[in-house]
Structure formats: structure tokens, C-alpha cells
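Below you'll find only one chain, the form predicted on its own, shown as C-alpha cells.
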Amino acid sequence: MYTLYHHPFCPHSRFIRLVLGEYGLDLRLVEERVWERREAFLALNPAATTPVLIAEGFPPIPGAPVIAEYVDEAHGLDAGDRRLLPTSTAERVEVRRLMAWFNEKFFEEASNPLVTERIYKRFMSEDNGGGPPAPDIMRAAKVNVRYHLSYIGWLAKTRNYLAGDRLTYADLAAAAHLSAIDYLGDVPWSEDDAAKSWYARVKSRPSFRPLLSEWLAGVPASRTYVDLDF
């Protein structure tokens, strides 16, 4: 069994949970509020970021990209046609490119500022950066969501899945980041039918169910978050 240090609304943590869910791997979750900078957690990951995967016989595995590579090395070959990182070099390059797009660019420009302002800051002390949301930051992030949603829609129109013919890490990374801000109602689904249709397919997978069942006290989920026919 794996142990994952995560936060329920950390997009990178959600990505890894989807990956492990697709492979049917047993998982124990430990919620971590990284802004508290617990010494025990810093010993696992000095960068103080989630997720961190604990696998028996290995040192702590920090960060979504590193964890994704580890999971592929440990379980990808046995997954056969369900492998989330393809075998050909060209396909692997494209999947990794899109993983980086969503885990870095989308995270920096959209999902991280929205989750931080609307969720994390509710639980942070003033010393840790807590306080009311910053309207200018949220406004800019929402504009960026539209740009990224359009790109997802373009990919979905030209391919069966975002990186090619079948589900890969690219789809799970994109869906994980979208899910975190969809909970807040910050995804303008009406603006791109292709992106919406693709997300509905990914969202209907069994690996998504644990994410959709999580709720945050005081912050109700949007209608589209749990509605598979949104």
C-alpha cells in the first residue's frame, strides 16, 4: 500500500490520486497543510509541497512529475493497454509536454491562484499569508482559464484524447487541475463544447469518484462539479 501526503484541493495531488486510481493501487491518504511547514513533513520534502508518495523500500517520492515517472516504472509495463505513459518515444514526448503544460503553466496561471485565494487562504493564519481573497489575482486567473480551456478544446477536436488515441497522464493532469477550480465554479464550460465533452468522459471514470465525493465545509461545490451530465 502507498501513502500519499496531499491536500484535497491541491491539483497536483489530485493528478496523482487519479493516476493511482487508474492503476487500481491501494492508497492511504494523509492530508497536509503545507503552509504550516511541519518539521516532520519538511523531512519528507524540504520544498514543502504536495504531493509526496511513500513507497515501502524507497525514499520519499516528492512532486507530481517524479511520482508519475515512478508509477510508470513500477506499474506501467504490467498495465498493458491501460498504461498511462505510451511506449513510443514520440508519444511519450507529447504526453510529457502536456503534463508539463498543465502541471506548470496551467498551475501557475490559473489553478494555483484560484485555489490559493479561494480555499487555502481561508485556513492560513495572517503570518502564513491568510486573509481575504485578492480580487485582481482571481480576475487574472479566470481570464487565463478561458485561454487554457480553448487549448484543451482544440486538442479534443483533433484527437480522441488530449495526447493521442487513448487516455494518458496528459488527460489526468488536465482534468485534475480543472476539477479543483470546477468545484469553485470557475470553469466557463459553455464557452467550449469540445473541452466540456472531453472532460465529461474523463470525469465519468471510476478513478474520479473519490474526488467528486469530497466537500469543503463552508464552500459548497458548484453544480457542474458533481453533475456528470453538466
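The numbering used is simple: start at 1 and walk along the sequence shown. Since the structure is predicted, the reported quantities are computational estimates derived from the model, not experimental observations.
Unshown form predicted in complex with a further copy of the same chain; subsequent notes refer to it.
- Lys105 is the sole member of Arg146, Arg139, Lys157, Lys105 with a non-hydrogen atom within 4.5 Å of a further copy of the same chain in the model of the complex.
- Contact check for Val202: every heavy atom lies farther than 4.5 Å from a further copy of the same chain in the model of the complex.
- Although the partner is absent here, Ile61 is a contact residue: one of its heavy atoms lies within 4.5 angstroms of a further copy of the same chain in the model of the complex.
- a further copy of the same chain in the model of the complex is not approached by Arg82, whose heavy atoms all lie more than 4.5 angstroms from it.
- Under a 4.5 angstroms non-hydrogen atom cutoff, a further copy of the same chain in the model of the complex lacks Asp78 among its neighbouring residues.
- Contact here is defined as any heavy atom lying within 4.5 Å of a further copy of the same chain in the model of the complex, and by that definition each of Ala90, Val93 and Arg96 is a contact residue.
- Only one of 46-54, 26-34, 190-198, 164-172 lies within 4.5 Å of a further copy of the same chain in the model of the complex by heavy atoms, and it is 46-54.
- Contact residues in stretch 166-197 (any heavy atom within 4.5 Å of a further copy of the same chain, taken in the model of the complex) are absent; none meets the cut-off.
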